[in-house]
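For reference, the chain that follows is the form predicted alone, supplied as structure tokens.
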């Protein structure tokens, strides 16, 4: 056995969706901004991304979070989120997991804290009972009522919105949002994402829409809606999706269906829930997302140089 330098991680889940926070062993990425550090990771350290979250050490639902030095003096840390296929601008469930992990390590106490991400500064409020409320990057409805022809489904109409990642938000009449049907839901949402790409439907500046979010009636009496979220690649979000809930609230507000400060209760495909609301800061819509995360483990990942899959199955 000839292991390379180990990588230490802490695992958690936020309303069912896993987060793996890298504590040490991953060399600090170069760059003065979080966006530059993310780009450096893409160019020079992508083998570490694959090794940390992909099989055989992880699986397609794991979202990784690399803690770095902060960009701003008032921030407690910088964070770059990544998954089995690449990098995320922001990650709502992941940020809640990061806050709980920092608290578990004794690095933060209940109260307000600032963090830096590649798409901008964010903040969080950690309650004494463990609940975390994040203040996300500004979100917006980019295009409303976009219609695209999808194989097997015909014409599908939805909204393109930004919540820290790009989303296509839609409902499919007659399609049941049940966990037991997740295989079919994955297939249908991938058909929609492929159709968006084939028809040139993008976010601003031609950015790829890598998340598709389906909505339907909730199963909980305290929820407003239930969702199924296709993440980049072929994974689905077990949580209600923090950036997806942000995008949904921005779309609702843009269409006159959600007032500033009005609570929106988003149920996930597994029955967990986020509570969200919008704040108006100048002309910007700032989403707040509240949920809970739980520490599930701490591990030291070892990378045997003789292991043909030491950097993951990609």
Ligand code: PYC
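What you see is a predicted model, and the numbers here were worked out from it, not measured in a lab. Positions refer to the first chain, counted from 1.
Below, we refer to the form predicted together with pyrrole-2-carboxylate, which is not included among the displayed structures.
Residue-level contacts in the model of the complex: of 63, 269, 66, 250, one residue has a heavy atom within 4.5 Å of pyrrole-2-carboxylate, and it is 63. This chain is displayed alone, yet in the model of the complex one of 80, 98, 241, 212 has a heavy atom within 4.5 Å of pyrrole-2-carboxylate; that residue is 241. Proximity to pyrrole-2-carboxylate in the model of the complex, taken as heavy atoms within 4.5 Å, picks out 87 to 95 from the listed stretches 87 to 95, 124 to 132, 195 to 203, 109 to 117. Interface residue remark: residue 159 is not counted as part of the site for pyrrole-2-carboxylate in the model of the complex, having no heavy atom within 4.5 Å.
Contact check for residue 102: no non-hydrogen atom falls within 4.5 Å of pyrrole-2-carboxylate in the model of the complex. Remark: residue 231 counts among the residues lining pyrrole-2-carboxylate in the model of the complex, judged by a heavy atom distance of 4.5 Å or less.
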